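Shown here is one chain on its own, the form predicted alone, set out as structure tokens.
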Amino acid sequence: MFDSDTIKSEFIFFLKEKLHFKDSEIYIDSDKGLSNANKDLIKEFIKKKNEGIPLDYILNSSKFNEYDFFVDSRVLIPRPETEIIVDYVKNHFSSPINILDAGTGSGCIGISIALNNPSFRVYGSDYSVDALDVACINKHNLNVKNFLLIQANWLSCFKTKCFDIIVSNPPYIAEGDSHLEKLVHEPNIALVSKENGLFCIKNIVEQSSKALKSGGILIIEHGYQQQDEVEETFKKNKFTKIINLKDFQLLPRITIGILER
């Protein structure tokens, strides 16, 4: 699953992050002694890498939008392309607003938005109690005052016309997709959706058309091959001025629309 160069670079990163080694101690000081505790940590690292466990889970830490988030196997590891959502909100909105991160997982999107915009009132909803527990850890670790967590099946518990913006990175991988072979350690519930990966997206778009204020904005991440279907779903639910943002590989990844009742 991992080539030797990847394992080597991850091991060096592990030594620096977990054992606080300096470069000189890694590359020059070959006589540096190891405590029994450090030896045990290294053995545990090797064992977990042999099992294919991602480095972020081994370290219980993942960098997202320049913040360090606690992660474990209950939530997805944040992806760099998802930062595009946070950057878009940061660059286009400044007035105090109500915003929802639907399916918040680790809380990385909602918490980053809240930290970047202290005047925003940001909510994070998730069906999974385990995911909410991780998001709560991150809320505490990053001392976020304007981020509130709610257990909900997407937007099912919210009143109509209560949000200015809704953002979401929902499950969008189709059942049986070959990409899942490389994601066996991440929670399937946060990855896979029925109807060729579109079931959750359709639910979110439909519920957002009720929960958003008139003129409210919906921002959804999706698979690069799903752009046309997602755009059609937006149109069916009265979203207009639809645009798509590309990821770092210049593939269509995020769809944005404005609700017009």
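Note that residue numbering follows the sequence shown and begins at 1. Remember, predicted model here, so these are calculated numbers, not experimental data.
The discussion below concerns the form predicted together with a small molecule, not included here.
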**Prompt:** Pick from 139-147, 155-163, 170-178, 91-99: which stretch has a heavy atom within 4.5 Å of the small molecule in the predicted bound form?
**Reply:** 170-178
**Prompt:** Would the small molecule be touched by all three of Leu76, Gly103 and Ile109 in the predicted bound form, meaning a heavy atom each within 4.5 Å?
**Reply:** yes
**Request:** Although the small molecule is absent from this view, report whether Thr82 comes within 4.5 Å of it in the predicted bound form, heavy atoms only.
**Result:** yes
**Prompt:** Looking in the predicted bound form, any heavy atom of Ala190 within 4.5 Å of the small molecule?
**Reply:** yes
